[in-house]
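Next comes just one chain, in structure tokens: the form predicted on its own.
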Amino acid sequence: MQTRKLGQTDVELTVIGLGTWAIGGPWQFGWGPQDDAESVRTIHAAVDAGINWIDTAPIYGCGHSEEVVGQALKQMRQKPLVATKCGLLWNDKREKINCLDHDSIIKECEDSLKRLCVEVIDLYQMHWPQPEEQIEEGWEAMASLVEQGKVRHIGTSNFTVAQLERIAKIHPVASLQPPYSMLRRNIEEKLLPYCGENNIGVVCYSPMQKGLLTGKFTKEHVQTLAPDDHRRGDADFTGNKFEQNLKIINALRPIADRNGKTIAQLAIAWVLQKEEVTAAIVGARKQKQIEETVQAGDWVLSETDIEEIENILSKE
């Protein structure tokens, strides 16, 4: 699989990274119950398929996603790069709590190192810039972790241009992790150009829009989701918005078909054709899922395909 340099760093990432949000299991924004053994097999399959980095976060399953990743890493001789996050704690109800206190960030890092069973985190990201008045405090704590050798590079997630400019004065920003897909394109106007101009790596999450852009969803399929799968309450999966999304997906299907690809592969390849994008985070809970989507890493869309996709998306 092709690799791209992450911003100003010396890190080369494969254009697809494995996302581990879902494998964390139940919490406020969980995806229902998960099979840990299957998750470990999926992580191994991703690395075997050529993926060289994994993205996780403490909040995913309230520490459980990192623990599962740690289990998988312990069984590997050649370990992938690991990216995780900080700034979100949780309460007894497994609900998220935003916290960017200096000491809290330091403790979060220590806890993540233990759960992941690693000595250093390759990319440490501020998960959300909230509380906003504490962004600088949290970023300073993260910069101190670089100085201590516990973290190699620090990045951001869900930041605006103005917020990136604030923290760049303290320590270089290695990366931004924003949501980006055919169905969610708001970063194209300001964030992508800014990151391109300032050599900030962009690792996009939800390129398949939480599974919608796999082409496998119907009204009936939504009803089969686990009762505690947060997508049941996501506007993209209900009502008129869901119907509109299905129309877009059905219009895209002939493009995937004529290329001998799936809708999921098309969605990922489309995100990767943006020159500012370093890589896409692709979630998977089963081996067959990652074995399918990883094939998008070497698919370069033709100009004809790109123009046709743009025509479909611009009509909505």
Ligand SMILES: NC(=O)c1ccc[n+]([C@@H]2O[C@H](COP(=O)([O-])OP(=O)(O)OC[C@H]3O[C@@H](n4cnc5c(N)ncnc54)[C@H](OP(=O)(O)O)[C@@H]3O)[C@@H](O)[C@H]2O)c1
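Because the structure is a prediction, the values reported are computed rather than measured. All residue numbers refer to positions in the sequence shown, first residue = 1.
Another form, the form predicted together with the named molecule, is not on view; read the next lines as being about it.
Proximity to the named molecule in the predicted complex, taken as a non-hydrogen atom within 4.5 angstroms, holds for one residue of Ser104, Asn245, Gln130, Asn158, which is Asn158. Remark: of stretches 66-74, 276-284, 252-260, 36-44, the one touching the named molecule in the predicted complex is 276-284 (heavy atom within 4.5 Å). Proximity of Pro207 to the named molecule in the predicted complex falls within the 4.5 Å heavy atom cutoff. Contact annotation: Trp270 falls outside 4.5 Å of the named molecule in the predicted complex, judged by heavy atom distances. Taking non-hydrogen atoms only, Ala22 approaches the named molecule to within 4.5 angstroms in the predicted complex.
None of the heavy atoms of Gln134 is located within 4.5 Å of the named molecule in the predicted complex.
Across the proposed site, Lys85, Gln177 and Gly211 without exception bring a heavy atom within 4.5 Å of the named molecule in the predicted complex. Along 288-312, residues Gln289, Glu292, Thr293 each place a heavy atom within 4.5 Å of the named molecule in the predicted complex.
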